[in-house]
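The form predicted on its own is given below as one chain in C-alpha cells.
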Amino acid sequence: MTAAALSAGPLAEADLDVVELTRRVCDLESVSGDEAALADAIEAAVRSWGLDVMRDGDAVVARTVLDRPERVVLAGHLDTVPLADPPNLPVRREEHPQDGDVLVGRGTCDMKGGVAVQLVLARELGQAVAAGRGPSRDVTFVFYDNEEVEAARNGLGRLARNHPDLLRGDFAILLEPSSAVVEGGCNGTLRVEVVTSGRAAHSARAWRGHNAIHDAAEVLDRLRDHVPREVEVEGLVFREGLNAVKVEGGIAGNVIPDRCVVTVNYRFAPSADVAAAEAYVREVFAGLEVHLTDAAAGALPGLDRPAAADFVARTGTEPLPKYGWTDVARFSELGVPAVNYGPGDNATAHADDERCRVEELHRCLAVLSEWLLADGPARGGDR
C-alpha cells in the first residue's frame, strides 16, 4: 500500500475490488447514529481520488465538476440496523444453497454492497479525470446517515434541507437492494388512527358500559372487504395496500374498554399526493373518527427522462415498480427523477443471515461503470 493510500484510510487502495470493499465497508460497524468512523473513512478516500467533497454531519457528498450537460446523483445510506446476537460481523464469504457465491453479514444487502459499488465508481471516475478521460456525465456521490430510523434524523433529508443544490441533477439512482433490477419510483405511505369510543364499566356489570373494542369490528370489517387498487403510472403498475397494523384498547382485565384505536397503514400509488390519499382513506372509513398521524408522498418513476431511459436500456432489464417507500421520494420532491438499483435481495435485508450475491455486486458495478465512463469527452472540455 502506498503512503497516500495509508493516509487515506482503509478504503482507498487502488487494487481493492468491489467484493473486498464491501467486506471492509461492512466490517466498519455503523448502526444508525454511529456512522462517524465509516463516514471518516469514506471522506478520506474520496478526497484522495480528487473529487470535490463536502461533509454535513456524518453525510459525505463527493462530486465531479466538469460542466457536463447532464448530472447524475448516486446515493446510498451508511447505517445499518443493530447487529444480531451473536453478532453477524465480520463478513464471511460462503456458498449458499440457493444464492450461490455470497457475502454474509450485517449490511451486505442493506445497503453497504451498494455503497461499495459507489466507492469503486468514485475511484474510477477520479482516475479517469486525472488521466484526461472525463466521464460522459457529471456525477454526485451521496453517502448519508440515519436512514434506518425515524425520518426526522434522515441524513438525506437533512441534506435536502441544508444543501438542496448538492442533490440536484437530471437523474438519481438510489443503490438500495433491488436484485440488480431497476425499480422505478415508489409508493407513498400514510398512517391513520381510527378511533371507536364507548363507556367504561366493571366487566361484571358489562350492560352498564359500552365496549369500544367490539365497535372496532366495523373498522376491521371494512378493511377485510377492501379490494386493493392496482394503478398504472408511467407504464408501471403499482399495487396499493390498506391494512390494520396495530390495535390498542382496554386498561385492565375487569374493565369494559371505553376507547379502541386501530392504526391503519395505506400504501398508495405515486400518482396521488398525500391530500388525495388521505381523502381516500377517510372515504373508506366514512362515519368513523379518523386521525392522520404520518404521511409521505411517493415518487413518480420518471423513466421517460433521457438519462433514465438510457440507463434502463443499459441494464438490459425490464423496470419494475417499487412498492415500498424509499428515499427516491426525497429526490422527487426536488424535481429529480429517481430509481432504485442496487445489489442484494430485499428479502434478506435485516435478517440475521443478511447476504448479497457476489455476482450482483459485479453486475451493478459493470452496468454503472460502462454507462458513466463510456464515450466521455477528453479533458480539454473539463473545468
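Quick note: we count residues from 1 along the sequence shown, nothing fancier. Please read these numbers as outputs of a predicted model, since none were measured by experiment.
One more form of this protein, predicted in complex with another copy of the chain, exists but is not displayed; see below.
This chain lacks the partner; the member of Arg137, Arg158, Arg123, Arg267 within 4.5 angstroms of another copy of the chain in the model of the complex by a non-hydrogen atom is Arg267. Interface residue among Ala276, Ala217, Ala130, Val149, judged by heavy atoms within 4.5 Å of another copy of the chain in the model of the complex: Ala217. In the model of the complex, no heavy atom of Gly33 sits within 4.5 Å of another copy of the chain. Although the partner is absent here, Gly250 lies within 4.5 Å of another copy of the chain in the model of the complex, judged by heavy atoms.
Among residues of the shown chain, Val227 is not one whose heavy atoms approach another copy of the chain to within 4.5 Å in the model of the complex. Another copy of the chain in the model of the complex comes within 4.5 Å of no heavy atom belonging to Asp165. Heavy atoms within 4.5 Å of another copy of the chain in the model of the complex are found in one stretch of 238 to 246, 91 to 99, 299 to 307, 167 to 175, which is 238 to 246.
Contact residues in stretch 198 to 217 (any heavy atom within 4.5 Å of another copy of the chain, taken in the model of the complex) are His202, Ser203, Ala204, Arg205, Ala206, Trp207, Asn211, Ile213, His214, Ala216, Ala217.
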